[in-house]
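Single chain ahead, written as structure tokens, the form predicted on its own.
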């Protein structure tokens, strides 16, 4: 990650770019560039050895004009107040581009979870849930998983909330396992939307996805599932990487087998079908048809962007390109599918999970996937229509034009209170 790039400033720059093409007042745009509130709290947790340790945690509620705040909770050493603010803002516009009735929120704890036991992480998670209790709720703010969190942590938060509130309310959080009220299709959703968007882009650009070469930077849940699904569509995954390094095979490799190797060893490095070990930078600049950045924000800055050779980028990660990198890639005619559309599958299926919880009724995986396909395709069509109608420089600006316009409309229709 590029340390000197502030993700919150990147978000604000993206909103300003869209605002230049909209008939929305500067005062409204200024409102849409800042969070409504940010919780900053210190969690003191007893470790297994009896010692106490303090952890700093955040929850940003960015905008609720279109519905309850929605967004994940991440556990990572690089979590910061500005990062959480940026991620909560991206969630606002992500929900708007796919037209689901949510605002945006995001949370995080500054921690490397690998350094702590499961029981310590449970106590930490339940402590955070207790702090979040006054803010969250099925019609107020619905958290979800993010980096280094998953079904386990969501189940702990749900149980803590329900115990303290003396109620049963599975819809207070999404990304749960099936037994706790989770949805079929949720685990694959982010990777699935990333490849659906890529498929639509290839079709729009009159490129053949069959046999196209693909590199995936970041081989966590979103990355490996995107690799698996794009492989099933006939593309060839030739490179993948995680925080330890990368693998390369010009003839392609089995994405599932590479995932299995990572699960067994902790990294894709050393996978038997790799013919060469490469760096993350090698993966990002590899001569491929499709690049899927699926790690953390600011993976590609201005300098690295000059070496990027992929024809299409589908952003599985949030904010993997800096604004300066966007400018470089635009001049290189790289078609970038922005994160707020490409990785919107996670929040979309979280919305489906929330709907199912409210109805106390479960959908089949096929229905979930079909509904997701419809929303992502419709969102891509809206992006392309705006991209062409306004003769915009890049697809990201088009996505933000659509999304900011929808949020501004919701605000202006509701009026200002008091």
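These numbers come from a predicted model, not from an experiment. Between two forms, the rigid core is the largest collection of C-alphas that superpose within 1.5 Å. Residue numbers count along the first chain shown, from 1.
Not on display, but discussed next: the form predicted together with nicotinamide-adenine-dinucleotide (NAD).
Comment: 239-247 is the region of 200-208, 119-127, 239-247, 170-178 lying near nicotinamide-adenine-dinucleotide (NAD) in the predicted bound form, near meaning a non-hydrogen atom within 4.5 Å. For a residue to qualify, one of its non-hydrogen atoms must sit within 4.5 Å of nicotinamide-adenine-dinucleotide (NAD) in the predicted bound form; none of 88, 92 and 107 qualifies. Using a 4.5 angstroms limit between non-hydrogen atoms, residue 348 is distant from nicotinamide-adenine-dinucleotide (NAD) in the predicted bound form. Within 4.5 Å of any heavy atom of nicotinamide-adenine-dinucleotide (NAD) in the predicted bound form lies no heavy atom of residue 138. In the predicted bound form, no heavy atom of residue 102 sits within 4.5 Å of nicotinamide-adenine-dinucleotide (NAD).
Taking the partner from elsewhere, residue 274 is found to have every heavy atom lying beyond 4.5 Å of nicotinamide-adenine-dinucleotide (NAD) in the predicted bound form.
Of the listed positions (330, 78, 280, 213), a single one reaches within 4.5 angstroms of nicotinamide-adenine-dinucleotide (NAD) by any non-hydrogen atom in the predicted bound form, namely 280. Note on contacts: among 252, 150, 220, 113, the single residue with a heavy atom within 4.5 Å of nicotinamide-adenine-dinucleotide (NAD) in the predicted bound form is 220. Along 288-326, residues 294, 295, 296, 316, 317, 318 each place a heavy atom within 4.5 Å of nicotinamide-adenine-dinucleotide (NAD) in the predicted bound form. The Cα position of residue 240 differs by 2 Å or more between the shown form and the other one after fitting on the rigid core.
With the core superposed, residue 174 shows a C-alpha displacement below 2 Å between the shown form and the other one. Relative to the superposed rigid core, the position of the CA of residue 74 differs between the shown form and the other one by less than 2 Å.
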